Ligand code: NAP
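Given next, in structure tokens, is a single chain: the form predicted on its own.
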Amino acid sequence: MKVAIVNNGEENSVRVAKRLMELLLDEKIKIDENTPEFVISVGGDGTLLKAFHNYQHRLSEVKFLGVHTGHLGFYTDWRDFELEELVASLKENRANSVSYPILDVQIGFRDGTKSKHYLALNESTIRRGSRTLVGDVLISDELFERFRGDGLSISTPTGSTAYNKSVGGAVIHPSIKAIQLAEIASLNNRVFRTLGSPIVIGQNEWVKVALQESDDYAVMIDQLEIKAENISSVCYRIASEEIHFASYRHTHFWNRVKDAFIGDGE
């Protein structure tokens, strides 16, 4: 068994990662940052996103686990005081996993530059500096609407609880292979009109945003920001790849949602 550890720079995360490495080595589990079978993130959801992008070229070969050293996250199932139990479960249940869909992003350019391809675990957004973004939204190459507003957010089911939710999008269970398009402060009046509601796109369809010519577009892909003067379009679809989580301690999705946004209540 080969394991890689990805941690953030917080003091507690560094301490936990060091202790975790000691426990793994005690059990004769090899630490391998190049070709791991398991990737363990130590920190929060941001650290798991970092781990995902570090190993996105090996998604079919690795399973992810998350240890949270702060508040409960959507991708972190283990607490920092449960390391011994985590290592024992890792040895006993290494074959179990649950898979979630991710987002395929393709950015096109006006000058003939080859399009660039990215993967996102949570979401992607398109904005245009401090000015109104104008773009044609096509669904499976059919024009759906001309959007005018601050921007657009396209999320995965797991990412539906992140920025998508804050702009009025629905929370979608990750067993549903779909992406969600949500508007960010659209302009709607007698002259300009959009649907004004989030749109859920199935796995056999795709969304393309054809942008008006401008030099100030910014495309966010999880934590990565892409800026280029000649972006012409951004195309989104469910990726052929998936992310695999070790499932023997994988918290039920709706329990995550309840814990994050509702709590125990009365």
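Because the structure is predicted, anything quoted here is derived from the model rather than measured. In this text, residue numbers run from 1 along the sequence as written.
Keep in mind that the form predicted together with the ligand is missing from the display, and what follows is about it.
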For this session: Report the residue, out of 67, 49, 231, 62, that has at least one non-hydrogen atom within 4.5 angstroms of the ligand in the predicted bound form.
Result: 49
Seminar exercise, completed: Only hit among 163, 118, 78, 100 for heavy atom within 4.5 Å of the ligand in the predicted bound form is 163
Exercise. Is there any non-hydrogen atom of residue 197 lying within 4.5 Å of the ligand in the predicted bound form?
Worked result: no
For this session: Please run the contact check for residue 158 against the ligand in the predicted bound form: heavy atoms, 4.5 angstroms, yes or no?
Result: yes
Exercise. Would residue 147 count as a contact of the ligand in the predicted bound form, using a 4.5 angstroms cut-off between non-hydrogen atoms?
Worked result: no
Exercise. Is residue 223 close to the ligand in the predicted bound form, meaning a heavy atom pair under 4.5 Å apart or at it?
Worked result: yes
Seminar exercise, completed: Answer among 163-171, 138-146, 186-194, 78-86 for heavy atoms within 4.5 Å of the ligand in the predicted bound form: the stretch 163-171
Problem set entry | in the predicted bound form: members of 108-142 within 4.5 Å of the ligand, any heavy atom | 122, 123
